[in-house]
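First comes one chain, alone, set out as structure tokens in the form predicted on its own.
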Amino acid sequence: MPDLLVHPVSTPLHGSVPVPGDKSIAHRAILLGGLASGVSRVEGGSMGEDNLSTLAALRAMGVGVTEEPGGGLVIDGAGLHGLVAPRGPIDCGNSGTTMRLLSGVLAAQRFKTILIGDASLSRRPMNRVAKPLRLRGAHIEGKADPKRIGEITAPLEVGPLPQPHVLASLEYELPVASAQVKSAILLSGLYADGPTYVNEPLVSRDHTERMLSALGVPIRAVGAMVELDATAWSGALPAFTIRVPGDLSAAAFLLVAAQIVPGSRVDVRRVGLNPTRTGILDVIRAMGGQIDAVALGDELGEPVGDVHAAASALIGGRIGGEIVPRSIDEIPIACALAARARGETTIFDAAELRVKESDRLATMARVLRAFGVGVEERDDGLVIQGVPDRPLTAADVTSDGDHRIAMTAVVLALLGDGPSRVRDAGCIATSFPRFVGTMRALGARIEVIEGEGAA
């Protein structure tokens, strides 16, 4: 895996740049394109490795996909009941979204599928998706987790659903807000013989609901409750075209870098502005940052716009409650805001970060300390002491194979008192393959060097 050598900035960051297509939206567009009747187009530039895992899974089940120059996809949908048994296990790579969303679709198939993943994904909890699917009649089994009683991990065995059985209606209350689990339940609901009700403690991202609604599926949300009634529609998804908006989670690294590097002004073009995803913009504003979003329209129910950011004098604050599920993937980079804010920042209600690609609370605490930032780790969050008036300590840190940790470390390194090394940085390609090039275009000086192992 390559490492990155990041030099302290000598000039402000400036520029107007794009970011990769939103991988959460792309996952769903690719999957629903494969289940649609007809030829769909998914446009939006190069995709990260996670989206490619979903694409490969559909191909393995007989869906025809043509990749066009520039990254567009033409998907010849198999229809809701047209998938075929794969010849071997489906490798979901590092993508929890791929594994969990596929589980919802595969729960209704007449064939058995084995879902596998890399070492990181194979440690992530999967009972949260298996339990509700079993309750509606699906067969789904996993490997018993030796460290967590009652928990299972990949490999997952999903299906078959024997003839003449169909999935049953379901009312389910999620113990933890999770867009992936909610989406798996809703996708399985497309095959059910009655309505599906999902209730969350807080509203998580709603890309699945928006896309299904745009495609004519009878689905409605009231607060944190979502209802899908499969008996009230035709049972066929129409083909569609979508230009995937830019990923706000990827843009967040650029927007935060603009906040903390003095004199910077950065614009990110045509990003998704779904209200269930814009928590990081609210966090920046609450901490005194300069951030402005300009609406441009929508794509299959997803609002799109440009975001403008400028360097700011930040103040510490509290990040918790409903804003956490709206910014769950951005909490690591929010730690960089806190590191340069005046005073103390408390992050709470974020225990879910312990079961992401890494234990992001523990890993971010280690990274912050390496850069000379005081931090207290708590069960559900962090307390960070800002260092606004002096350079950070140049550091040598490892990503733990987590793309968001690696990119956060790069942003922190811009404010170091010397060059910093971010090890095992190849994982950045999971979500932002051109991250280094984009940061260079804004004025950062970053070298890609041969890895030498963990620090």
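A quick note: this is a predicted structure, and the numbers were derived from the prediction, not measured. When you see a residue number, it is the position in the sequence shown, counting from 1.
Beyond what is shown, the protein has a form predicted together with a small molecule; the following relates to that form.
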In the predicted complex, is there a heavy atom of the small molecule that lies within 4.5 Å of any heavy atom of E209, even though the partner is absent here? no
R340: touches the small molecule in the predicted complex, heavy atom cutoff 4.5 angstroms: no
Decide whether V304 counts as a contact residue for the small molecule in the predicted complex under a heavy atom distance cut-off of 4.5 Å. no
Would Q180 count as touching the small molecule in the predicted complex under a 4.5 Å heavy atom rule? yes
Position in contact with the small molecule when the complex is considered in the predicted complex, options L115, L382, L281, I328, heavy atoms within 4.5 Å: I328
Tell me, which of S358, T153, T97, N274 has a heavy atom within 4.5 angstroms of the small molecule in the predicted complex? T97
Tell me, please, which stretch of 23-31, 56-64, 388-396, 419-427 lies within 4.5 angstroms of the small molecule in the predicted complex when heavy atoms are compared? 23-31
